[in-house]
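Before any questions on how it binds or moves, here is one chain, the form predicted alone, in structure tokens.
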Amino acid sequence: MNLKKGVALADGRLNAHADNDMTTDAARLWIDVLAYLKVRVSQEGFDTWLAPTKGQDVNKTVVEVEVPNSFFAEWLGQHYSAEIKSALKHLTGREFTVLYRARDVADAAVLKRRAALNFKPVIRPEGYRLQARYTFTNFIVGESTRFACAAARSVAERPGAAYNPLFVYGGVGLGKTHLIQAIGNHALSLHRNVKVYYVAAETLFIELIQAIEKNTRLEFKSKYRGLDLLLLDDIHYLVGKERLQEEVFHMFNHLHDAGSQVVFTSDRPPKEIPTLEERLVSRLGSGLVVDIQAPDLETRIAILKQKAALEERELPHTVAYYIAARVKKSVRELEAGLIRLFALASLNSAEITVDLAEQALKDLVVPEKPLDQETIVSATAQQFDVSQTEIKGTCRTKHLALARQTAMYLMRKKLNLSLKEIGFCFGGKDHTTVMHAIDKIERLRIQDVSFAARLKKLSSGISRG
């Protein structure tokens, strides 16, 4: 579609056709926006978050976009707002406000309620790109996040003085973005003139491309090198992007030498990010590296209670326990279940009960497979980046032997299998070999803090169905 003739003119004037057929033109405009973004964001990010969206309506200042549910609205607003606005400006020559409309009726009701409660993210003043609702106050601290949160507070209170850089890693939806934005917000509350900037690595990549296209590299460098506190989210996005890695490397060196604080997040520790330049891996891991793991049951219940309070809703403890016992791996999934529950209760004027919670979760929670030997072998193979065949094989390289021994240890601890049964799973190994493996892993767990953390993470990801 030719936007300058169809939806909007380069000078920002909507033509007569757009006024007469807003819905059609919004759909066409959004198709072009998606085409523009597809080559500028990661394939995974585009397929997951952008492809399922559709243009719904457009006027001279606002574009309404239909999304599957309220979580899409929140995620797009947090992670793709700058890219979407840039695409609209590039294609139409005008600034637009983007509003999201949930396709799911229940989630649409929740979005409307959130708007009424002023629950929408509030962006900090120009230059910060922080959302004011991400604070330490509303970050529920559990055993799996206590150390990371303490380190984050220390960094916020004395940027550049200790733990520089701070590297926070963990799985999707566990609160990494919340935690590092809390650092920025807390630092601003304590130090009025501190220069803080939050940016996702994907957005940084787009900014770099635009700087190269417009020959504004100097402005790009100056923007980031004058900061007191840089919060760089999802650093694993640097994989395969050599030019961006080069920029981040020099950016970090400049800030670090100037005494400025840098905080990174990723879905894995620096040494496990593939194809990353060795010198950058060294820089990323040169400060304090901390992980965030899935919250335990008590923490999950506390998170649900807090989010219910934000919605000004009463959540019975039995219902909170029911949800927390079934949604174990992600804070984001917890919130999704709660949103569905409140939406169903509102739409049907129903009481919030365990039965209603069961109905709300039925499409969100995938039943776990019963825990068995093969599940443990599969999870261990994935953790050690080897194949299941290799773990069960006879190769005795140090890395494979450790993976094999870890699997044996977990079978003993999780399934309480006999030594003979465990040996049978690994090609008929005798009981003394299995006993040696279990003893070795137990010693490592006690003596090696790094291995103990890795074992705990692997063990916590394996549970009975």
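Residue indices: 1-based, along the sequence shown. What you are looking at is a predicted structure, and each value in this text was computed from that prediction instead of being measured.
The form predicted together with adenosine-5'-diphosphate is left out here; the points below concern that form.
Student: Within 4.5 Å, heavy atoms only: does I303 come near adenosine-5'-diphosphate in the predicted bound form?
Tutor: Output for I303 is yes: heavy atoms within 4.5 Å of adenosine-5'-diphosphate.
Student: Examine K89 and determine whether its closest non-hydrogen atom to adenosine-5'-diphosphate in the predicted bound form is within 4.5 angstroms.
Tutor: K89 lies outside the contact set for adenosine-5'-diphosphate.
Student: Contact with adenosine-5'-diphosphate in the predicted bound form for Y134, defined as at least one heavy atom pair within 4.5 Å: yes or no?
Tutor: Yes.
Student: Counting only non-hydrogen atoms and a 4.5 angstroms cut-off, does F252 reach adenosine-5'-diphosphate in the predicted bound form?
Tutor: Taking the distances in the predicted bound form, the answer for F252 is no, it never comes within 4.5 Å of adenosine-5'-diphosphate.
Student: Have a look at G226, G93, G160, G171 for me and say which one sits with a heavy atom within 4.5 Å of adenosine-5'-diphosphate in the predicted bound form.
Tutor: Selected option: G171.
Student: Could you check which residue among F220, W75, F205, F139 gets a heavy atom within 4.5 Å of adenosine-5'-diphosphate in the predicted bound form?
Tutor: Only one option qualifies, and that one is F139.
Student: Can you tell me which of 383-391, 319-327, 139-147, 185-193 lies within 4.5 Å of adenosine-5'-diphosphate in the predicted bound form, counting heavy atoms only?
Tutor: In short, 139-147.
Student: Could you list which residues of 172-211 come within 4.5 Å of adenosine-5'-diphosphate in the predicted bound form, counting heavy atoms only?
Tutor: In sequence order, V172, G173, L174, G175, K176, T177, H178 come within 4.5 Å of the partner.
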